[in-house]
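What follows is one chain in structure tokens, specifically the form predicted on its own.
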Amino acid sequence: MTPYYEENTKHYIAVDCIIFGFDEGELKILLHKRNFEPEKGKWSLIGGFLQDNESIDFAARRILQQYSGLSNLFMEQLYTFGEVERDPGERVISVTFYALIRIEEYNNQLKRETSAQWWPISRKPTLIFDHDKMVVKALERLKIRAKNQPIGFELLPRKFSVPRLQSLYEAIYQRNLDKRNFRKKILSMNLLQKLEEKDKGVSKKGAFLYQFDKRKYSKLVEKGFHFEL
């Protein structure tokens, strides 16, 4: 090691993940109880420290798989939090990511083993350190991305009804959307494949189920298509 590196202070690098899910008409977040000091026993985001042989992205994928049992999730780097006294234990710089999970695919065995729990965003507990600020910033990013990219489909079952899709976007935007206008706009994009199955939980008549056509979307993007909802 050269003297230049030796003369400078070393810091810990943490990777914290804001993991969103959608269930029962509500946007939810995956949290766990911290099992070590400081702030032992309090609610925290899912996270861990960067290891010597890892890139930041690899560490985030490792942590997500460790707590969800899932891989190939939608994940995006969000922000770096580096206030000097943000962690009372040591000088820790946190690189945050947000990720989207289909709750029905989530590994419940891991939930029991890791003490992780889904919380509705509207009723989540106060989190340790600056984790609440991380959640606020992740929600802001999610709203932007949901408007300009079809990432909302990453939170839904692979088969869904238009009313359930609207319910998701209302949860993300935190406001009601006009039923007729939403249906007209989403169907006009020709990105949904209509199925013969129906969701009977919506009404007596039921609502037809759809699937998002990723391949068609990719081809449209190549031609200059811009998703906006």
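This structure is a prediction, so every number in the text was calculated from the model and none was measured. Start at 1 and count along the sequence shown; that's the residue number.
Missing here is the form predicted in complex with another copy of the chain; even so, the following discussion is about that form.
For the chain shown alone, residue 125 is not a contact residue for another copy of the chain in the model of the complex, no non-hydrogen atom being within 4.5 angstroms. Although the partner is absent here, residue 156 lies well away from another copy of the chain in the model of the complex, with no heavy atom inside 4.5 Å. Mapping the unseen interface onto this chain, residue 92 counts among the residues with a heavy atom inside 4.5 Å of another copy of the chain in the model of the complex. Taking the partner from elsewhere, residue 188 is found to have every heavy atom lying beyond 4.5 Å of another copy of the chain in the model of the complex.
Residues placing heavy atoms within 4.5 Å of another copy of the chain in the model of the complex fall in a single listed stretch, namely 44-52, out of 22-30, 193-201, 167-175, 44-52. Of the residues given (119, 79, 106, 74), 79 alone sits with a heavy atom within 4.5 Å of another copy of the chain in the model of the complex. Residues 4, 5, 6, 8, 9, 10, 11, 12, 13, 34, 36, 37, 38 of 4-40 are found to place at least one heavy atom within 4.5 Å of another copy of the chain in the model of the complex.
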